[in-house]
Ligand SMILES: CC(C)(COP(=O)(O)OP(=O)(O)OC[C@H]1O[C@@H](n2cnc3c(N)ncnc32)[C@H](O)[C@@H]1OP(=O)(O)O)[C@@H](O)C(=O)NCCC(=O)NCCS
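We begin with a single chain expressed as structure tokens, specifically the form predicted on its own.
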Amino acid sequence: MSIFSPLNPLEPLALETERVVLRRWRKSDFKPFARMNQDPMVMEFFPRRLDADETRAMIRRIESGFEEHGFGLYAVELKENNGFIGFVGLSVPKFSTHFTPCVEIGWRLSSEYWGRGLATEAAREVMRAAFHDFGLEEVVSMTAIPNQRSRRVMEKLGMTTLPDDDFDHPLVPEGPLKRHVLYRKRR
């Protein structure tokens, strides 16, 4: 069974903004996503870069999230060229800490598309869907403390943080990326 959805422009889970379409994953997304997961800039605040097998496994987990929860990490397609540029969406973390269970909003875009406001634009639409379409009461987001780019997106989304919510991520090895900041937004 394929881990990718068939090409269907009327797919009910698709979301759209002025510049991007947020949709289920396609087979053609694999190669650009695998390149992103090898880019040292994109993966700067992750413990390591992902190889092709790990990228495939991640796509399988993302797609199973859609099946299990009705939402997930959407593939982001730029309208101007119909090209895959990354993901933005919702997921349910699989680890246990003081704020779980929860629903997290997250993003990862190809570095060539940074600085254009695309992550914020797409995340605003996902946040709207989280509260309006999926009926969530709260959405969280987290990143390694030094990741200022992602923190700015969280703040532009109206998310807030409290020092008491900072935590050591249980899936990140000891080192400068272990300590994470948690942002929250309520309906």
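Everything numeric here is computed off the predicted structure, so don't read it as measured data. The numbering used is simple: start at 1 and walk along the sequence shown.
From this point on, the text means the form predicted together with the ligand, which you will not see here.
For the options R60, K27, R128, R149, the one in contact with the ligand in the predicted complex, meaning a heavy atom within 4.5 Å, is R149.
With the ligand omitted here, the record of contacts in the predicted complex names 114 to 122 of 63 to 71, 129 to 137, 114 to 122, 49 to 57, defined by a heavy atom within 4.5 Å. In the predicted complex, the ligand stays beyond 4.5 Å of every heavy atom belonging to L90. Looking at F84, you'd find every heavy atom of it more than 4.5 angstroms from the ligand in the predicted complex.
None of the heavy atoms of K31 is located within 4.5 Å of the ligand in the predicted complex. Taking non-hydrogen atoms only, K156 approaches the ligand to within 4.5 angstroms in the predicted complex.
Although the ligand is not shown here, in the predicted complex the stretch 97 to 114 places heavy atoms of W107, R108, L109, Y113, W114 within 4.5 Å of it, in sequence order.
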